[in-house]
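To begin, one chain is listed below as structure tokens, in the form predicted alone.
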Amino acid sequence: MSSLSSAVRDLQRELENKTNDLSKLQKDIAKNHQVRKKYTVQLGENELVLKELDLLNEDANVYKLIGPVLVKQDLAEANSNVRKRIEYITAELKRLDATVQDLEEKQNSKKDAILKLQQRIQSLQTSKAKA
């Protein structure tokens, strides 16, 4: 009888640990979604800047804001910088997507493990009640 209740306590401790792990995973997923949202906004802004740069004539003046100062920049250089930024942001978005997918798979396996633990605890408590 006491070994049964100690087994239940052990399972409940294990359940608590897995629940804490699941909570951490959910926080990480939420954090990744926030970062992804930020990068998506930046990607949209940079694509808009690229479209605007494509509309300009070759001899147009382009300025870049560096701190509180506008600095004249070559159109080709500005175009190149924006394209590189778009490439970087796209790569970061792909990396974040892979990370989120991995975290969601871990989250699903934790949920399954928690469910199985809950079922084991319930069956032990049921058999304890019958005894």
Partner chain sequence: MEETRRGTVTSLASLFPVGEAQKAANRVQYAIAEKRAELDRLLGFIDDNNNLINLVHKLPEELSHDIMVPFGKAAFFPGRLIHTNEFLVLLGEGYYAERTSKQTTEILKRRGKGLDSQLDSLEAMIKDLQAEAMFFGQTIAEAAEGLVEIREDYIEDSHKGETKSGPLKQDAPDLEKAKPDDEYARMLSRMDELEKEELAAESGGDNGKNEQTTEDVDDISYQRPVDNEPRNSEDFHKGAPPVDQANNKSMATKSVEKHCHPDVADQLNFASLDLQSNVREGKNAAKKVKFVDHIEKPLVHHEEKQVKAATASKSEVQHQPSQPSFDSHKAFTGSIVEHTENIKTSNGQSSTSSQVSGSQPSKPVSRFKMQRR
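Quantities reported herein were computed from a predicted structural model and do not represent experimental measurements. Numbering follows the first chain given and starts at 1.
There is also a form predicted together with its partner chain; it is not shown, and the following applies to it.
Q: Within 4.5 Å, heavy atoms only, which of A98, A91, L65, A30 is in contact with its partner chain in the model of the complex?
A: Result of the distance check: L65.
Q: Check R85 for me: does it contact its partner chain in the model of the complex (non-hydrogen atoms, 4.5 angstroms)?
A: Judged by the heavy-atom cut-off of 4.5 Å, R85 is in contact with its partner chain in the model of the complex.
Q: Are any of the heavy atoms in N61 no more than 4.5 Å from a heavy atom of its partner chain in the model of the complex?
A: Yes, N61 lies within 4.5 Å of its partner chain in the model of the complex.
Q: Should V35 be counted as a contact of its partner chain in the model of the complex, where contact means heavy atoms within 4.5 Å?
A: No.
Q: Should A78 be classed as touching its partner chain in the model of the complex when contacts are defined as heavy atoms within 4.5 Å?
A: Yes - in the model of the complex, heavy atoms of A78 and its partner chain come within 4.5 Å of each other.
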